[in-house]
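First comes one chain, alone, set out as structure tokens in the form predicted on its own.
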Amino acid sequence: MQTTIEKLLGSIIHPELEQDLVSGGLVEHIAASEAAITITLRFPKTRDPFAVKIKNQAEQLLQEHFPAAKVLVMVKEGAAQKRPEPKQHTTTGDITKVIAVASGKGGVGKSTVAANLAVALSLLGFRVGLLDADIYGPSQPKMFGVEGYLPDAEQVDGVDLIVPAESMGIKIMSIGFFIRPTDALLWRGAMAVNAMKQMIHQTKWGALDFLICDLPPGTGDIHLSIIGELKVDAAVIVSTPQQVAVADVVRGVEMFRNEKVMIPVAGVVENMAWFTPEELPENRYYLFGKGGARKVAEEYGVPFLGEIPIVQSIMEGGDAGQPASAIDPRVEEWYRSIADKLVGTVMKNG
């Protein structure tokens, strides 16, 4: 499939460069699966007059050859910007985009959304990592069925690196790998921050398109530490429709918009939006109110990425170590829609 895509892109000529997209080095990344094809094109000239025409031509050509797949061609302009040189040795240099998943309060399903979003991006063909930054309540090991994983150390260029767990093609690092599930972490802020720094900079991430950071609820040391240690490209805020949860969305938005932080909010996800019984598939019961997160997103000029209802498979999948977006077609469709919007927003911002 990859070879066919490259041949198709190689048939498109840039009129000014007089080279095809492949030999001209304009194809930055190809992510392909049976369900979706995502292409990133980078044009060396800013405001290239042929960019839109070539993007449309590539999308049309790929859609004709792969009618069953959803085709998305994204355009970047100008030379690729290197991430700033870190003050210490780090393994994050080959990570393209870092997405923080946050919530103003606990209990809204933030970690479940982070896990399923990571799976949705992986199913779209992207290389994905997941950093469980919820130091005091790590849940990603259970959600991906890797609770018993004990990280090995691997020496690379004289530096000891932590080998992450892998599940469903996603690289996962969590403090949960280093403690027993029954242990309570009685750490002061500085200890938690130091542990987080080690997981960020010493994990053998390799080349990733997206690193999803599952942040703790609220705002505090861990959030500021991650923002200081990683170049976070965008934030996704998770809420339920309840007014008490929606009020905390505002705090989350304002934290990322703070002049000392300045991280774009890619959007809001409304979790537990409604409940539909299996025996009454046409019925929707709005147990926690209706549309609260969507409304506050509109009020604060933040994109609304989508709604996720209460579905039994989401709970069962998390408990069984298989996020529901990998096993339930309905959940996969909801999260794919959110992932598509997120990718479009993040790539558009460069």
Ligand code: ADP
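All residue numbers are counted from 1 along the displayed sequence. Because the structure is predicted, anything quoted here is derived from the model rather than measured.
FYI, the form predicted in complex with ligand ADP isn't displayed, but the following is about it.
Residue in contact with ligand ADP in the predicted complex (any heavy atom within 4.5 Å), chosen from P141, G125, G109, P241: G109. Residue V311 is the only one of V311, A31, A297, A58 with a heavy atom lying within 4.5 Å of ligand ADP in the predicted complex. In the predicted complex, no heavy atom of S167 sits within 4.5 Å of ligand ADP. Shown alone here, M315 lies within 4.5 Å of ligand ADP in the predicted complex, counting heavy atoms only.
Taking non-hydrogen atoms only, T96 never approaches ligand ADP to within 4.5 angstroms in the predicted complex.
Contact annotation: M272 falls within 4.5 Å of ligand ADP in the predicted complex, judged by heavy atom distances.
Stretch-level contact check against ligand ADP in the predicted complex with heavy atoms at 4.5 Å: of 224-232, 153-161, 109-117, 276-284, the positive one is 109-117.
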